[in-house]
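One chain comes next, on its own, written out as structure tokens in the form predicted alone.
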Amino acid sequence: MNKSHEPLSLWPDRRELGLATDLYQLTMMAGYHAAGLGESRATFELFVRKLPNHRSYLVFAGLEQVIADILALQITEEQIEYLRRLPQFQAIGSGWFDSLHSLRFQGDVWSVAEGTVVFAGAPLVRVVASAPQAQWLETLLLASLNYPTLVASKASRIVAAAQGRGVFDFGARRGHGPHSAFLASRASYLAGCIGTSHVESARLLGIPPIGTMAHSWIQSFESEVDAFQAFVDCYGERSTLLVDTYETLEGVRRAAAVEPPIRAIRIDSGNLLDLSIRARSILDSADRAQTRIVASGDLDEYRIADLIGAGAPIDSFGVGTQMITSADAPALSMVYKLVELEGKGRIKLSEGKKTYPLAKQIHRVRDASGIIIKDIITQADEQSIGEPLLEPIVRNGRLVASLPTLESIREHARSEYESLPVSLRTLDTEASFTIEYSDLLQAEARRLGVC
């Protein structure tokens, strides 16, 4: 029988993230040291191999948090002693372990701005550092950028489908672990949602907190009327009443009779089109034209688009599971690959996973009205038409960029979406965006055997 012990929380301490990585990153770091490559200058790039089905663009997100973690990255004394005991490191000399005491990231990070619409194949982040330090960042970067980008991209589609009606993040209870609620609240807000149900995210990030009530509130009273009145007695005209605990339309009538008049009702189940039309009629007949209708319950961009297309008088939508999990496309093929070592191009040749060598830059080309035409990928210091998207964020381990506020990122994301060609904004559009590689990159790729 196991001995009892105190409960262990797996919430990460940002001062102890040095081993929050895959084992092979650490064995490679030790191997570089042993092979005399510990000071070799390496360039890695992070990109998405292929967009998920029914996606024509992504919204890049998660940069601020991963930069904060990179700047704090270290390995603690306790963690070093743990590594010393692992059988995988028994042949490694003590010098490598000793070097871990002072290990900090001292390289450079370049990135596209958060909120930027991006496409498969284009480098989103470039890391230049010693080979061990650049390798050290791989798992952290991928884990920190993959999920927020996935959620922001899903949220962008949902917000677009809502056609100006508000969308709230209701996903905290449906995410894959409690930490996902923080990341999803931020990602969905920067992509255009107008609030979150997650209170700590709202507090930390300055996002409007949004909440109504659960069915348990209604069930806690002898009658629905009593439950409604008790809630309104607490919260007055700001109240939003959940009307579908028992019989939805009767709930609407009771909500319409409460004094003072309430801000909104929420319908969480049933035929939302029919119920919202009939609820609107009931509210208007009761002189409650200002009372708004909020809909929730397994909504996604397709259901929202169908409801609006059919004329549902719904004013806003609460979206949970489908957004926080990006349920129809729950994974991105985001990767982090070595492209240059000591100034020489490096490639990967395996089928379906080939890469272009050398450090790169994205040049975004727009027409006269600002609509994106194409991206041109060049060598990092190569001249080209278009706006360069990768900007320095960290140099020599120090922050050199002024990171934008969340509101600024949100505005940038809105502008970026509006700059997409109309053909890429429809819900079922497959990726059809043009990315060109410069002659120099293609020549180097051919020379190294990629093409």
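All figures in this text were calculated on a predicted structure; none of them were measured in a lab. One-based numbering along the sequence shown.
What follows is about the form predicted in complex with a further copy of the same chain, which we do not show.
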Looking in the predicted complex, is a further copy of the same chain within 4.5 angstroms of a heavy atom from every one of Ala202, Gly270 and Ile347?
yes
Exactly one residue in Gln383, Ser423, Asn396, Ser402 has a non-hydrogen atom within 4.5 Å of a further copy of the same chain in the predicted complex; which is it?
Ser402
Answer key, a further copy of the same chain contact in the predicted complex at 4.5 Å (heavy atoms) among Gln106, Ser333, Gln74, Ser281: the residue is Ser333
Which of these stretches, 141 to 149, 363 to 371, 115 to 123, 156 to 164, has heavy atoms within 4.5 Å of a further copy of the same chain in the predicted complex?
141 to 149
Within 4.5 Å, heavy atoms only: does Arg446 come near a further copy of the same chain in the predicted complex?
no
Just to confirm, Thr378 within 4.5 Å of a further copy of the same chain in the predicted complex by heavy atoms?
no
Does Gln79 make contact with a further copy of the same chain in the predicted complex, using a 4.5 Å heavy atom cut-off?
yes
Does Leu441 reach a further copy of the same chain in the predicted complex if we count a contact as any heavy atom within 4.5 Å?
no
Using a 4.5 Å heavy atom cutoff, which residues in 380 to 397 contact a further copy of the same chain in the predicted complex? It's fine if the answer is none.
none
